[in-house]
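Have a look below at one chain only, the form predicted on its own, in structure tokens format.
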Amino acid sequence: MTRRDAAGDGLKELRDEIDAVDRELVALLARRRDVVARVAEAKRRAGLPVHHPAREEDLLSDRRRRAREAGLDPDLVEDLFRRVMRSSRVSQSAAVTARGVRPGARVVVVGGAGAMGRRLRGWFEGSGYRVAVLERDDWHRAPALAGGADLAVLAVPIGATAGAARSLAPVLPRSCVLADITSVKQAPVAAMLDAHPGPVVGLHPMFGPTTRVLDRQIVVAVPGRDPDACAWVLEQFTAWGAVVVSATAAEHDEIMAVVQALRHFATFVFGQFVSRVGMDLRRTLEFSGPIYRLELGMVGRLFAQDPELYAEIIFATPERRDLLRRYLETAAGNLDLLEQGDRDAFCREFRRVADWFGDFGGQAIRESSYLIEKLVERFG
């Protein structure tokens, strides 16, 4: 036997050993999944939420310690367990979703045939609620569909919310919770309070209709009237795995003007510009590092969706439009800086903004670096 043959046999034995270890890892993951299923059932019976942040952080700290003791990279082990725990939460959420806080209660979804309305309908039906859908052509059926409702959700466009509240309120029981899910809260909540004398709460799910599981998804809740009577609705979202964040209507709208309207508009302008200058998109991607590809991916994501949805968000209120006007004025204010090639002025302004961001800059580098590494691993 030659040295090459001997080395080949030894290498094959090592590869076989790796294969055996990998089979053990898969079997252990399957065993862990089975235990997670039992945990989910125990939580469902006890009415406990899926997400337990403190326990997760304790677990990750312990796994990092064990990794160091074993001579392994703690970051690698943490990344592995975060993926495993995420999968566990999703599995638990799917199981716990079957638990209704008030099973058998009647829910009417106005606009239930729309994308978000369908998603809400599915979640409520999966949790044992009796769900009815009311569409624009169904108002003659409103007394029958909504007359005994415990919860009415307005899943209609922002501009139609006030009218839907006025049309629906007269046939709702006084004890029924009236809620909306628009991305603007001051006007819709005021309209619901004016139309309905019973419990009112404004909701803003911070995710789209493609979301299948509510694990760690944010739902903003704006109190309207009788928060105790509305509490079970928020508890239901929590039971589904969502994180409920409370805010006043004014605070919500002020923050959303930046988080949604400004961000989407700035992305729209970037996409508009590169399309008009005739950029060779495919060729540009060949030169792109992961940061630019990630940013361009968010631009492409915007233009792959419904323009009516974004027009509704961007043009929703005069306050949002005023904010965007000031954004464009700020951009135009940099023309002199560019024309004069004033590098010193640029650096001064850069440092001023960096000081304003403060410690978030370091956090942003860590978080974006993680995303970039994941992107490289997946598509690099």
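Note that residue numbering begins at 1 and tracks the sequence as displayed. Think of the rigid core as the biggest set of C-alphas that the two forms share within 1.5 Å after superposition. For clarity, every value in this text was computed on a predicted model and none was experimentally measured.
Beyond what is shown, the protein has a form predicted together with a further copy of the same chain; the following relates to that form.
Partner proximity in the predicted bound form, defined as non-hydrogen atoms within 4.5 angstroms of a further copy of the same chain, places exactly one of 130-138, 113-121, 224-232, 76-84 at the interface: 76-84. Taking the partner from elsewhere, residue 256 is found to have a heavy atom lying within 4.5 Å of a further copy of the same chain in the predicted bound form. Contact between residue 282 and a further copy of the same chain in the predicted bound form is found at the 4.5 Å heavy atom cutoff. a further copy of the same chain in the predicted bound form comes within 4.5 Å of no heavy atom belonging to residue 196.
By the criterion of a heavy atom within 4.5 Å, residue 289 is counted among the residues contacting a further copy of the same chain in the predicted bound form.
Residues 17, 18, 19, 21, 22, 23, 24, 25, 26, 28, 29, 30, 31, 32, 33 of 17-34 are found to place at least one heavy atom within 4.5 Å of a further copy of the same chain in the predicted bound form.
A movement of the C-alpha atom of residue 359 falling short of 2 angstroms is seen between this form and the one not shown when the two forms are aligned on their rigid core.
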